[in-house]
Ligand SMILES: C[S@@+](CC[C@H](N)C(=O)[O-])C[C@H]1O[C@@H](n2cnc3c(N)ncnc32)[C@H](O)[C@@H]1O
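Next up: a single chain in structure tokens, the form predicted alone.
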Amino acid sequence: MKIDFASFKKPKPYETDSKSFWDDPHISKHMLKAHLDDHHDAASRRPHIMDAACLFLKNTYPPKQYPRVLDLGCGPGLLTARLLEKGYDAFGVDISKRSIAYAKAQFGERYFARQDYLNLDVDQRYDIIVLMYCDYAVLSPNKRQRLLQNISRVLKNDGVFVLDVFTPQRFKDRDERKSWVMQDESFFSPNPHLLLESFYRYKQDLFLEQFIIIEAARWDVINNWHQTYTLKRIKDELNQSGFRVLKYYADVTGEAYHAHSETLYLVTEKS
């Protein structure tokens, strides 16, 4: 096994990783387990938060006036299922084969499709499009622009696009660091491996959580990027792609925005 030691240097912004994260047999199994764990927010938000988010959406944009909802990056369908229960005609898409298989088995095959939302292929237009748990901010600028173009194409002219993003408060107390850990098994691999975990800070409120997994016969790099946003920055970026912010909150439950909030929840329309 030949190791490229250049990979141990601080990556350039939005440098891609080497591992297919979502459909790796081992990682996707642990990712689904994390989605379904009610005790933390590692993959999906906890049930009471999703319940509150759906109730807030229903009270603000009721299903009688906004019946069709598209849930982008739906994972195993936990939010989509709640939207269906609230009376919406909801449909969820996700790139993970394992998560979509779970969603179809649990909640109904016709409500879900395995898709990369960067190559969105749906035959309806929607009253509401949701992109939850800060998925937007893990994408590179070009991919964010591409996603917004897809959303604009399938969103009704009088519809709303809702999303949440992290603010710089999320990482304000984290310093750059590296740590080595030898593991027999972990979230990333079923085999003995050396895990190098790094955290990097960049200009313009960009952050990276990087994981390098070194095994006996192979090694992989996973880069988890986080673009964080001030209110002005996200408004400007959305406006450049043809979206206008109508309302904003501290989180998906509708709490009033405040200076120390780690998230921003935004309701937008096509401008």
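Numbers for residues come from their place in the sequence shown, where the first is 1. Note that the coordinates shown come from a computational prediction; the quantities given were computed from them, not determined experimentally.
We do not show the form predicted together with the ligand, though everything after this point is about it.
Residue contact check for residue 140: none of its heavy atoms lie within 4.5 Å of the ligand in the predicted bound form. Within this chain, residue 197 is remote from the site of the ligand in the predicted bound form, having no heavy atom within 4.5 Å. Mapping the unseen interface onto this chain, residue 75 counts among the residues with a heavy atom inside 4.5 Å of the ligand in the predicted bound form.
Mapping the unseen interface onto this chain, residue 44 counts among the residues with a heavy atom inside 4.5 Å of the ligand in the predicted bound form. With the partner omitted from this view, the residue of 84, 148, 132, 128 that lies near the ligand in the predicted bound form is 132 [heavy atom within 4.5 Å]. Of the candidates 115, 169, 186, 152, 115 is the one whose heavy atoms come within 4.5 Å of the ligand in the predicted bound form; the others do not. Annotated contact segment (heavy atom within 4.5 Å of the ligand in the predicted bound form): 90-98, selected among 90-98, 188-196, 152-160, 175-183.
Interface residues of 24-42, taken as those with a heavy atom within 4.5 Å of the ligand in the predicted bound form (partner not displayed), are limited to 35.
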